[in-house]
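A single chain, nothing else alongside it, follows as structure tokens in the form predicted on its own.
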């Protein structure tokens, strides 16, 4: 049996200085203590449990101009005014080449400073937000092909999950052209996640990551007929191919070339389902060359190679094709 305790603390600050209103200053003090217990009950069965407690304290000076008339939020600046416990238990049956995983837990998420007070006139806050709390469960399988089989070099992770949340923090777009978070009374999210990889040879590797979602508002007093949550694509898929070789030329330690294609299905931008953001697609190509015994690395990337139309959450167009070059030295 192993026990792994951990602790973390952080201080977050947010400053907003609008031109025609008083400035806003917000501060979040955060601390988290957790412990992970793992017990190998048998050669095939491993049990795990994680427990944690989070302390949050938010102080506020001023008010965002778009939150006039809303509760100010914040507290008196004490070190711990909001305590959120969480826990997770799980079991792993088997190991390579096939392992089965089952997990369940309770979680909580306190709204961030940006969600409470906003970032700009286009991404506004909501000081009336409450914490999101819920339960989740998942079951999955991880399989690796035997070394001498026809599929040697292949592996797959497939997980199904379900989450029920009260006060889920979601975003919606207003008719005036800005987005704002709100609490969903009750939400249910079902999904499948896939990660598959196959190394056909030492120099080529193919991967596919995909997520299929069914995110719904199940509040009994939901005001609209549409149940799908805004800004939640029902399918995200990212296939990737990487070519790599070591010492291809004198002085070159390693060279890599990779291409990945990102696809995100269309999404609603409002809770009523009246505004639809189209599907987003993008092809990226990146390369890296390590020189001088890996002491020098040159990296390049071309984003959105096909110059496909993309938009942000508000619906404004994103930049098209772009190229990046980086140089890194290591002693």
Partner chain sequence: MRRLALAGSLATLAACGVSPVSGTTGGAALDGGAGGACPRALAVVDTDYASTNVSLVSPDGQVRSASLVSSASAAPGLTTALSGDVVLPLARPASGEIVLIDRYPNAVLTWLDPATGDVLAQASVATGFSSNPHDYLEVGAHRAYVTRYGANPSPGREPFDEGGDLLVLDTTTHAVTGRVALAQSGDGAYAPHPDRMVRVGGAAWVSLQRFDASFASAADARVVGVDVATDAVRFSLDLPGLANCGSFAASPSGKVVALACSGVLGPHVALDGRSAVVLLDATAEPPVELRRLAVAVALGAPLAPPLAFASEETLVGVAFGDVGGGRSDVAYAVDARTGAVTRLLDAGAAFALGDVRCSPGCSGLCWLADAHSGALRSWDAATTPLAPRDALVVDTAIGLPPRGLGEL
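Note that the coordinates shown come from a computational prediction; the quantities given were computed from them, not determined experimentally. Positions refer to the first chain, counted from 1.
What comes next is about the form predicted together with its partner chain, which does not appear here.
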Taking heavy atoms and a 4.5 Å cut-off, does residue 234 contact its partner chain in the predicted bound form? yes
Quick one: does residue 304 come within 4.5 Å of its partner chain in the predicted bound form, counting heavy atoms only? no
May I ask you to state whether residue 289 is within 4.5 Å of its partner chain in the predicted bound form, using heavy atom distances? no
Give a yes/no on whether residue 35 approaches its partner chain to within 4.5 Å in the predicted bound form, heavy atoms considered. no
Position in contact with its partner chain when the complex is considered in the predicted bound form, options 172, 115, 132, 217, heavy atoms within 4.5 Å: 172
Which residue, 29, 275, 296, 50, has a heavy atom that falls within 4.5 Å of its partner chain in the predicted bound form? 275
Within 4.5 Å of its partner chain in the predicted bound form, counting heavy atoms only, one of 241-249, 105-113, 183-191, 224-232 shows up; tell me which. 224-232
What residues, if any, in 191-220 have a non-hydrogen atom within 4.5 angstroms of its partner chain in the predicted bound form? 212
